[in-house]
Each structure stands twice: as C-alpha cells, then as structure tokens.
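Next up: a single chain in structure tokens, the form predicted alone.
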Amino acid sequence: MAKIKTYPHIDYKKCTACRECITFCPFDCLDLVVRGKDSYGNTYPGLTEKGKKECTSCGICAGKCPIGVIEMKEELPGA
C-alpha cells in the first residue's frame, strides 16, 4: 500500500520562529519565507518551492517543534 504524502502545516498564530524545524529537516525543505510574514515584518518557517517537490513526509519538522504547532496534512500548505 502506497504511503499518503503529507506536508507540514504551521500555525503561524502560535509559531515563535525558533527555526528548530528548519534546522532538523534532513532534506532542506523549510526556510523562513515571506508567505508567513506578519504585520510586524517577522518571517516564519514554511515550505520552499524546492520543499514542495522534495518533502518526503517524514514528519521530523513536526516532531522537533518545541511547542507542537506543526501538523502534517495531505494537502500542500496554502492550497
């Protein structure tokens, strides 16, 4: 049975932009992106264009988030 592909979805209202998810992603799929930018000019982690193609659904980013604001879901973020 084929594994369902999932992607990290970050709750930007709770994210502290600590970069743990970025640091531990073994495939370099996450970075600080403008899409998650708030009204104060802060940027937050998100899938890069490369990451949208190369994310392996490993869930390491979600597991390493110290406050648990990353959830793995079947659809691409922003879709």
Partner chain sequence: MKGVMGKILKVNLTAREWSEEQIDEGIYDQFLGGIGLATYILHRDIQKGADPLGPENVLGFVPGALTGTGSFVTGRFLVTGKSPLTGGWGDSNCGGNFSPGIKQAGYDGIFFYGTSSEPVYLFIDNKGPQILDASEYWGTTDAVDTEQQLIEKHTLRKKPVCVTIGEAAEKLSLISGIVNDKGRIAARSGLGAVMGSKKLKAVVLAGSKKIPVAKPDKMKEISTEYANKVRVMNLPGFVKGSTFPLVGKALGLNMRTPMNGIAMVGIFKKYGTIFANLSGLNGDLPVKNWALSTKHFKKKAKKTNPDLQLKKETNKYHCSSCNIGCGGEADISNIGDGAFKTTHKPEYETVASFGSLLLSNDLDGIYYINEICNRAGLDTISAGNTMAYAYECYEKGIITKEDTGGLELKWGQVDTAIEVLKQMIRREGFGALLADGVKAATRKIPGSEDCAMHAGGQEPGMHDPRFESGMGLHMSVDPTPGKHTVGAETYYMSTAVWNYCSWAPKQKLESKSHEQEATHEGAWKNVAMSAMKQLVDCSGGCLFAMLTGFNNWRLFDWLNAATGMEKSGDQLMEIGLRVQTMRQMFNIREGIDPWKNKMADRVIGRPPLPDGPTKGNSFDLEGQMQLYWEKIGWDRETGVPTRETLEKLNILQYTEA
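Bear in mind that the values here come from a model prediction, so they are computed numbers and not experimental data. Numbering follows the first chain given and starts at 1.
Beyond what is shown, the protein has a form predicted in complex with the partner chain; the following relates to that form.
**Student:** Just checking whether K52 would be counted as a contact of the partner chain in the model of the complex - the rule being heavy atoms within 4.5 angstroms.
**Tutor:** Although the partner chain is absent here, K52 would stay clear of it in the model of the complex, with no heavy atoms inside 4.5 Å.
**Student:** Given that the partner is absent here, does C18 sit within 4.5 Å of the partner chain in the model of the complex, heavy atoms only?
**Tutor:** Contact check for C18: yes, within 4.5 Å of the partner chain in the model of the complex.
**Student:** Would G59 show up as a contact with the partner chain in the model of the complex if we use heavy atoms at 4.5 Å?
**Tutor:** No, G59 sits far enough from the partner chain in the model of the complex that none of its heavy atoms falls within 4.5 Å.
**Student:** Quick one: name the residues from 61-76 with any non-hydrogen atom within 4.5 angstroms of the partner chain in the model of the complex.
**Tutor:** Going through 61-76 in order - heavy atoms within 4.5 Å of the partner chain in the model of the complex - the hits are A62, G63, K64, C65, P66, I67, G68.
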